[in-house]
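A lone chain, given as structure tokens: the form predicted alone.
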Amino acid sequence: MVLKDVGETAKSWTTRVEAKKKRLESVKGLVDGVIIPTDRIVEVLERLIKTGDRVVLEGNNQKQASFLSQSLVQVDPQKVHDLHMIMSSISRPEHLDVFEYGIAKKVDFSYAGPQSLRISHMIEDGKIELGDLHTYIELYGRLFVDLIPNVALVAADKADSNGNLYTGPNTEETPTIVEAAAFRDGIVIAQVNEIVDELPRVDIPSSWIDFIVVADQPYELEPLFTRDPRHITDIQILQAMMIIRGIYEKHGVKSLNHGIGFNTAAVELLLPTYGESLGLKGKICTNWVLNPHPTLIPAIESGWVESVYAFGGELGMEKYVEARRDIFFTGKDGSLRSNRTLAQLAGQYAVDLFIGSTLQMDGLGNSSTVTKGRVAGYGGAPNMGHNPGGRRHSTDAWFDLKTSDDPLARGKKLVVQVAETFQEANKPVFVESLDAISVKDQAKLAVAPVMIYGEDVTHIVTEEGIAYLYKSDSIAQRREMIASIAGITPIGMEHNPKTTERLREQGMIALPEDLGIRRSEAKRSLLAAKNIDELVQWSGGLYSPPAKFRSW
């Protein structure tokens, strides 16, 4: 045993605590307790944030800490620069302006839909150093391992004078971000819409928060999951009928997550009509993990839905959620309690099915939303769109995908990709090689940004039919199955009519006719609501759609 010399200087084990104290002391003359004056926010940020810091900025795909992001872009790059930004979603112009102005240097993120084109160009021009693309849960996990933030900038609805936060229906990722910084001696700043004497409930305690600042306007909230039924096409209705009949009914799917899209909105609006005609109420689609989709209102009102756990809120659905507390997770005040981290875990392990859309798919079923010139990222799709090897509980739908009599054989999560064979501008969805492969080199990524790997995809649905990929026993057969439903795309042109007939006979693929579906019956008249106004009527006036969705 080697003993320390008596005269040796003792090592300090509280350097992070001491460094934080110095930062807090640097702004004492600018703040009033925990309250930062709105007009002093830029100066405070310049003192609290140090060059090279890891800064996690709340900007998920709905709620944005927009006042703080607009303030960060105003700091002097001579005082603060080379920041390492961590954002689940790059959604606003200033999220990239901080790189243009030299304030930030590196970024790790999950999703960049609205800014996907710009970030692609900036990476190519060397203006951004890309750490990596992540799923949401993956990025959140790294906040507690190797991306521990020095500063967290978040948003809440209200605060009291002590700094307790009320996040209301849009809690989303806020607790996760705050905890990563607060319990590692980082600085936590929350923008709030107002400071009140008494909060409806405390979502994040003041002991986790260093400062609050009243924003000059409410944080931005995007109605990301609102789909106007007016835009649902007959093709999407046909796909929805196949999904209900050929997947949900076939496998007895009761717990599920729907991705964003008109095709899944069509499914939700067909449950009270087409689903009802098949006698499926109570047999499918009872327990959901998803945001409060307005297009789910008719199914809720018709008694199809038992529970909904949400990643976040949805603008205009607040009063409806409060009035349907038997369905949604709510606080004592009646407002929605959402949590993106927990919803992602539920979507990964607890549901039987994930269904989502894609922009490109190759002949083996690998899919990606990253295409040439656009670095869109993933969001939560890869997390929910794979078969978790750690799952141990069994349900009827999961067990139904067991394809072996081996005593150790397991079931499988249903991962469904739905797409029309061609996008707008006549771009084929099914391609020989994903653009993600070339984007990998352009963005200097170690791994190609594939959203969902073909080995995890159990079903593909196009307007041509369904491929039951979980039944395939070889790569060659998988490619044949995909080609049979890929239309006249490059992959679809490979199909052999005789092979297609054989696959139909074997139940490896199913065309609408095989499911008892007449293509001529796939009409908008089947939708339980055909426009936003009818959704409002279904809700009894509780749903208040954002102005851009109002046609009256």
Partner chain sequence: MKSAFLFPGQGSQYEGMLNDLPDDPVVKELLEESSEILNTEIQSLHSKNALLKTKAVQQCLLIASVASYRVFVKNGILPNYVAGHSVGAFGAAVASGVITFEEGLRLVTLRGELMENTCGEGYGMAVVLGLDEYTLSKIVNKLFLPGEPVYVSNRNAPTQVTLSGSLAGLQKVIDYVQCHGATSAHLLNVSTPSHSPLFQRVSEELFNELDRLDLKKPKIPISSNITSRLLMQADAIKEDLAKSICYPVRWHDAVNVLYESGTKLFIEMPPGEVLSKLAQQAFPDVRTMSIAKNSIEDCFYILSNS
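Numbering follows the first chain given and starts at 1. Please read all numbers here as calculations on a predicted model, not as lab measurements.
Only in words, not in the display: the form predicted together with its partner chain, which the text now covers.
Using a 4.5 angstroms limit between non-hydrogen atoms, Ser472 is distant from its partner chain in the model of the complex. Using a 4.5 angstroms threshold between heavy atoms, Val447 stays clear of its partner chain in the model of the complex. Contact annotation: Pro93 falls within 4.5 Å of its partner chain in the model of the complex, judged by heavy atom distances. Its partner chain is not shown here, and in the model of the complex it never comes within 4.5 Å of any heavy atom of Ser404. Comment: 366-374 is the region of 173-181, 229-237, 270-278, 366-374 lying near its partner chain in the model of the complex, near meaning a non-hydrogen atom within 4.5 Å. Checked against its partner chain in the model of the complex, the candidates His121, Lys79, Arg325, Arg201 yield a single residue with a heavy atom inside 4.5 Å, and that residue is His121. This chain appears without its partner; in the model of the complex, the one residue of Gly334, Pro114, Gly141, Gly252 with a heavy atom within 4.5 Å of its partner chain is Pro114.
Contacts of stretch 125-147 with its partner chain in the model of the complex, defined by any heavy atom lying within 4.5 Å, are made by Asp125 alone.
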